[in-house]
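As structure tokens, one chain now follows by itself in the form predicted on its own.
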């Protein structure tokens, strides 16, 4: 028989080891999936994890893209991790990402074709405020009417997607675009663009903001009273109330910060790599960031490493589609396996496995 024995305290070893074990199990299960699709599993895993970094034929392009892909994932995941640690579940970061991009792009397009140093900072503020405002909807409904923030934030993603389509086809459509959906290309508007800061590295202001968010998140959680309240609320809600923690304020703060960071990620993406508002602008970063947050153990430094790893699967997945003909749905399933296995093996952090029959009292 197999029995699960509750540990008195979570195992520090398994807490650190489970992300590594989850990655290894994902490689094994992913390899089996690729083999079932008629592809060479070893070649597929090598193409996803090794070739983008070390193959000279691809590394010159793939390495800069690593930061481009990781920036929004890290930025969103750091914000989500604060709420997840406090037991506040914001599942709608994808919607906040979209609204942040719409608000920031709207400010830039409103100034077109003027030039001025103040335009991009205004766009950054508009992007953060847009994501924050969209996150305040589930926050206010949660604090005033005790609604479920999971459902509200998730359903608002689909509302944001419809607003995105409406803007791309309507008020934000490029008047010189020949009737095609999509806004002007902001990357060609110097006052509203987010170019590389160091040529050939992929480093832009969104990546800088992600690193700042990691540092700020670490300081908040480890060195600030508010961080202690966040951790206490997630681990012992009743003790947190006795300690004087205001649950409503915590909900507003955590959802607000995660929404603002998701909005910033959307703004930096639309002014940089994406370049314009389109119907399919959203690329699932808000949902993938949930995997990044948990793969990083809800710790800012862990999220930084997990974001780079997940960005590698994005780049390697695209390369595998091109080189090996692997379907995009299989790559998405491969990425989803990371969260599945992480949640599965996370059981070892709180339980130990005992083999054999239970002793008779």
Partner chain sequence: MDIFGSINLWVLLASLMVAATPILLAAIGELVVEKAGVLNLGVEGMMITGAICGFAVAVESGSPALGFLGAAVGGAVLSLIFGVLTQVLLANQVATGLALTLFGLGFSALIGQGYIGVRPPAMPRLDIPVLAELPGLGRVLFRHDVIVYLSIALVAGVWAMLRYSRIGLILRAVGENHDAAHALGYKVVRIRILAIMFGGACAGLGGAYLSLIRVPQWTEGMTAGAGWIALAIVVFASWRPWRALLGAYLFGGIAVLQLNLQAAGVRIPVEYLSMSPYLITILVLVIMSSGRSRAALNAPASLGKSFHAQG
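Positions refer to the first chain, counted from 1. Treat the numbers as computed from the prediction; the structure is a model and nothing was measured.
One more form of this protein, predicted together with the partner chain, exists but is not displayed; see below.
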item	value
Heavy atom of residue 314 within 4.5 Å of the partner chain in the model of the complex	no
The partner chain contact in the model of the complex: residue 145, any heavy atom under 4.5 Å	yes
Distance check, residue 219 to the partner chain in the model of the complex, heavy atom within 4.5 Å	no
Residue 126, heavy atom within 4.5 angstroms of the partner chain in the model of the complex	no
Full three-residue contact with the partner chain in the model of the complex, heavy atom 4.5 Å, for 133, 139 and 251	no
Which of 189-197, 231-239, 108-116, 287-295 sits within 4.5 Å of the partner chain in the model of the complex, heavy atom basis	287-295
Contact residue in the model of the complex, chosen from 91, 260, 207, 277 - any heavy atom within 4.5 Å of the partner chain	91
Heavy atom within 4.5 Å of the partner chain in the model of the complex - residue from 28, 37, 59, 42	37
Residues of 145-167 having any heavy atom within 4.5 Å of the partner chain in the model of the complex, listed in sequence order	145, 146, 147, 150, 151, 152, 154, 155, 156, 158, 159, 162, 163, 165, 166, 167
